[in-house]
Structure formats: structure tokens, C-alpha cells
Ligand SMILES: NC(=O)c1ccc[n+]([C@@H]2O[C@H](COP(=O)([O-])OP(=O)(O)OC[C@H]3O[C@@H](n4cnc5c(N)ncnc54)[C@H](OP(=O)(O)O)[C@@H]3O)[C@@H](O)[C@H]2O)c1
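Presented as C-alpha cells, the chain that follows is alone, the form predicted on its own.
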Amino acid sequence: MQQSKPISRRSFLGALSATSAAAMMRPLTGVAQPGPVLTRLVPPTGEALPLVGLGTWITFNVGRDTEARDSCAEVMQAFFEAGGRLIDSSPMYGSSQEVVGYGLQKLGHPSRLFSADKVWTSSGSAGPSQIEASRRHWRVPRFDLLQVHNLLAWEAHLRTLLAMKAAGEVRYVGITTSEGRRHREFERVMRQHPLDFIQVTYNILDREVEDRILPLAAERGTGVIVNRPFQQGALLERLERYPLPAWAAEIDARSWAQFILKFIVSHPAVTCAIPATTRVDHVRENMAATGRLPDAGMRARMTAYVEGL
């Protein structure tokens, strides 16, 4: 089979025309976008979330640089215009929370926002004040989702988050990890506590969570958010040296970024992937990962191809 020419993420300008959606997904219409955004239902409630969200780690940590803040606001605007909802941040991410709040205010506080943040402090007693500071940074009345970041002091913080949920002060609670850390303890927390979401690292090369974590999330009806889908950009930099296979058209993937995102979100346990970016063209490319998703056979083909490069 003849291979197509490489399609660089940096030169990507087109968008996909969406065709069919996989089971358990619904097209989200009524917003300015190139095609229906694919969504998956949050297991605890049946709420529909777009399969692609927006991360802010590193990319939104721009301090008080007004020009950089405005650029981040433009990324957020493009994200919402393309049908996006979930934005994720953390106190760990420097000024990212404040920059998100700046963007939300500049955009008139879009009603479609699904706000996801974290508590990240070794002091359990300091958790509530940190959460309140985060809320003020975001300039939102409450968070949709609060997560214990990397299981730091998770026992105390999870008690706080569950109490907040019972009081109607947050809609969902969860835990996070990244880069494959502490999966055994992570699994134990999943089994013992009523979590709405987990957040883990997962992509076409980092697949450790496929063995136990993702099946357990499906078994327990827990939503899954995927961080580091592009290995902080390193995965795309590696892949863009090679041509995108011609058969990528069978899943409506026109770039390596879409190829990787489609692999991630086609796993039935995954609710949303959160790539981070500083560029409007990149967020539009990510959000244009619509159309057909790979089945199990295609996922195996994709994995073998990438591992063989």
C-alpha cells in the first residue's frame, strides 16, 4: 500500500467532516465547529462530555505576561468554539489557574465550561483553603470536578472532597496520577472509595493502564481522563519524522495528533483526553478529531505501526 505524504501538526489547517460515532457516543451540535464533536457519557450521571478536553500544564503557566495571557484566552476561545467543555488545571501548574480565570472572564464565562481542578498539598487541613484559592483564580462559583493530585495526602483530601460533594459544593470527585506512578495504590483507592473520575497517563506507547486500571474503571463505573496524550509533545516530535499511513483515512485521521487522540479515546473506558497547547491551530486540530474511531483490530494495527517506527 502506498503511504501518504507526512502531514505535519504545524502545517495542519483542515478539518474533518464527521461521519459515524461509536456506540455510547453522541454528536454535540449547535456550536461553531467543522463537524459533530464526539462525546462519551460520564458513567455516574450520563452527562455527555466531548472526548477531547484542554489541559493547562506548562502551557498556561505564563505569569502576568498580558500578551501570553491573551494568547491562552484565544486558545480557550477556539476550544469552546469547536465544542470543547472540560478544562483541567491544578495548583501545581504555577499561574495556570489564574490564566484560565483571565480567559474565562475575557470570554464572558462560557456556560458550557466543565471545570476540573485539583487539590495538591501535603497538609490535609490546608486542602479547603487551597481549593477556595483555586476557585477564586478560576472565577467560577464552584468546580464541576475536584481531584486529589498524584494521591498527595489522599486520605484527608478525599474526605474533604466527598464532604463537599455531599454538600453540593462540587459535582464530581476523583484522583489522579501521571507517568505510571503508584498504580498499585491507585488501584486500591479505586476499589475502596466512591470515585466519579480518575486521571491517568495513557497513549499509544504508554499503555500500562490497559491491564488493570482501565478495566477496573469500567467495572466500577468511573470516568477516565487521560493526561500526557502526546508525552508533552515528545511523541508527536518523534512521529512527525515519518509519513502518516494511508490507511489512517479509514478512521478519518489527517494528522499524527488526530491519529494518537483517536487511539486514546476509542478505548471504551476513556471519557476524555486533555492535550495541552499554546496554539490555536493545534487546539482546532485536536478538536477536529471527529468522524470514525478505530475498532479493536484497527487499534492493534495502529499500535504495531507506531512501535515499528
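This is a predicted model, so every value here is computed, not measured. Position 1 is the first residue in the sequence shown; the rest follow in order.
A second form of this protein, the form predicted together with the ligand, is not displayed here; the remarks below concern that form.
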property	result
Residue stretch of 212-220, 160-168, 225-233, 104-112 approaching the ligand in the model of the complex, non-hydrogen atom distance within 4.5 Å	225-233
The single option of Trp154, Phe197, Trp138, Tyr93 touching the ligand in the model of the complex, heavy atom within 4.5 Å	Tyr93
Contact residue in the model of the complex, from Thr121, Ser71, Asn150, Gln77 (heavy atom within 4.5 Å of the ligand)	Asn150
Partner contact for Trp57 in the model of the complex: the ligand, 4.5 angstroms, heavy atom	yes
Proximity of Pro50 to the ligand in the model of the complex, heavy atoms at 4.5 Å	no
Exercise: Ile274 in contact with the ligand in the model of the complex, heavy atom 4.5 Å	yes
The ligand contact in the model of the complex: Thr177, any heavy atom under 4.5 Å	yes
Any residue of 238-262 that, in the model of the complex, places a heavy atom within 4.5 Å of the ligand	Glu240, Ala257
